[in-house]
Every structure is written in structure tokens, then in C-alpha cells.
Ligand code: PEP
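Next up: a single chain in C-alpha cells, the form predicted alone.
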């Protein structure tokens, strides 16, 4: 590590301050928003959720380096305007990624923080240019980069004149297929042992699946992270990029409400603004709308699985009374634990079961007719 002349550990740790927000101080900073900017409405909704959760920075990709040339590449300048406007309306900072010199010059004029993504961690010409811009830089660790390579990439930016670098651990590629990448939380501690720069964690790109985001976020804070960069989308099912790893708005707000306890345990602070907001009829109805949206999405997902189950059944055994009884007992007990009236469960689920059975019968009949036609044509 002899070449870490500027990024190496100093007597005092660096805190990066931008427009009243400090990354690397006592307060944990939450950054949230969609992987890709898609519309002005999407970004306004995202900004409202980030603000509600106590986040300080809105994220959104306007230039998207994608593995496939046929995947959505971002809205460019138009998306940048949506991002900036939404952030300003909610008094948030904003961050987006620059993928080359041209995009770097464009975003530097409007955003508060610039991100250099994992694929560009060793794009040395881009790093040098970022070092000449007076904006904080979030530098993500490369897909298979060592910690030394990551810190030396930061050294390129620092040596070019920009002292405001924020390291971001986002998972590295390993042989484990259960997650998109493997989140290396040991890298947070090692980076802080070797460097004075703040370190944040992106659990979304590490996990690639929303069910792990909450636990990984809390673990990141416990490991010493100075902030979190979390993907959240108003409607993940319709996201053009990384929908499966994006939190629903209500999940994002709920997670934020749980971070304070973890932060306090490691002598840090995270204040979820939701606790300080006065509940109004409109705010409560908005929360209900968010939950209703999730319920419909989950029911749709359930029906898709129901269709697959139909393919595993015989037509005369589509309805399984024993299975329905077991499910009803389990869900009624769960409802009791959650203080949900058992009458509600008993009214809703028989309807869900009946619709599922009818759907399976219809699918089986169609399948058998197609098979008969196929045999008849031979």
C-alpha cells in the first residue's frame, strides 16, 4: 500500500460535506432511489419516499452501462432533468453515475455528487477527469477488484486534485450463485484501517434480491459503514432496470425506521424523519395506497405460481381440501399473532382459493384440448 500517498490513513478521518450533508461524520446517511430514471412522475414519487424515510440524497441512473447492448441505456439529459427537479422539490441532494468524459461534464453541472460505477473503477482517464471536478465522487468497488486496487483507483482522483472521495462497497463477483454478488463487509473495516476516506455500502447490487436488503443494510451499519445506497422504486414490477432488487416504498420507509437502533448500537445516529412527521389524513391514506399496491402485486405473483402448479396436477385432483385447510389454519394463526381479525382471513382466502382452483381447471382443460388436437393431427 506504499502508493496510497493521499488515500492512506491519516491522523483524522475525512468527512465529506456537501450542502449541509456530511458523509463520514456521526450521522449515517441514507441514499435512495431507482436504478434508472424513467419518468418525472417516478422520480417525484421516489423523492417523496426518500424524504419520508429520512434520507438525504436521491439517486437515479441517467446513463446506464449495461451488460447487454439491448438493455435500457438510460434517458440521458432528459432523465437528468427529472432527477434534479425531483430532488430540489424535496430539498434533497442528488447523485447519478458518469460513464465517460462527456457524461461526466454534463452531470457535473447539475448534480451534487457524481458516481463512478464498478465497471469504470479502473477507467483511469475518467478517474483523472473526476479529479479535476469540484464535486464529491462516490467510487464503487469493481466487480472483482481487490481492496488495494479500489483504494488506488481513489488515489487517481485524489492525486488529480479532488479530495472528496467516498468509497462504496457493492459486492464482488464470486462462485456463489444465490446472490447477484457477494457483499464483502470485511472490506468496510479493511478500507477504514488503510484509508481515511468515508465508506458507504450498496446492499442492493450485492444481493440482487429485495428480501436480503434489510439484513444486509443493518449488517453494513454494524460493520462501520458511513451510509447506505439502496435501490427503491415506486413500482418495482414495472422497473426497466433491476426491479427484483428494488425495495417497494413502504419497505424502504420501514427499513429506515429500523436503522436507528443499529446506528445507536455502534455509537452513530440515524434519524428517520417519519417519526417526526405529523400524521395527516392524506399521509395515512398514502401509506394505505402503498400497501394496497403491494397486496395486488403479490396476488398477481401468487396467481402466476398457481398456473405453474396446475401443470403438476391431474384435472380430477385440482382442488386439494387438505392443503386449503392447512393453509387456512396457518394464516389464521399468523393473523392472530399480527393482531389481524381472523374473520378477515376467513373471508378473503376462500375467495382466493376458489379463483385459483377455477384458474387451474381452465388451464388444464385448455392444455388437454391442445393435446387432443396434437394427437388427432398425427
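Residue numbers count along the first chain shown, from 1. These figures come from a predicted structure and were not determined experimentally.
Note that the form predicted in complex with the named molecule isn't included here; everything after this is about it.
Colleague: Since exactly one of 272, 188, 118, 113 fits, which has a heavy atom within 4.5 Å of the named molecule in the predicted complex?
Modeller: If I apply the 4.5 Å criterion carefully, the residue I get is 118.
Colleague: Which pick from 28, 53, 310, 35 sits with a heavy atom within 4.5 Å of the named molecule in the predicted complex?
Modeller: That would be 35.
Colleague: Any chance 248, 287 and 293 all have a heavy atom within 4.5 Å of the named molecule in the predicted complex?
Modeller: No, the whole trio is out of contact, none within 4.5 Å by any heavy atom.
Colleague: Look at the stretches 43-51, 344-352, 327-335, 57-65 and give the one with heavy atoms within 4.5 Å of the named molecule in the predicted complex.
Modeller: Every other range fails; the passing one is 57-65.
Colleague: Classify residue 164 as contacting or not contacting the named molecule in the predicted complex by the rule of any non-hydrogen atom within 4.5 angstroms, answering yes or no.
Modeller: Residue 164 lies outside the contact set for the named molecule.
Colleague: Could you tell me if residue 97 has a non-hydrogen atom within 4.5 Å of the named molecule in the predicted complex?
Modeller: Judged by the heavy-atom cut-off of 4.5 Å, residue 97 is in contact with the named molecule in the predicted complex.
Colleague: When the contact criterion is heavy atoms within 4.5 Å, does residue 231 count as touching the named molecule in the predicted complex?
Modeller: Contact with the named molecule, yes.
Colleague: Indicate whether residue 170 is a 4.5 Å heavy atom neighbour of the named molecule in the predicted complex.
Modeller: Taking the distances in the predicted complex, the answer for residue 170 is yes, it comes within 4.5 Å of the named molecule.
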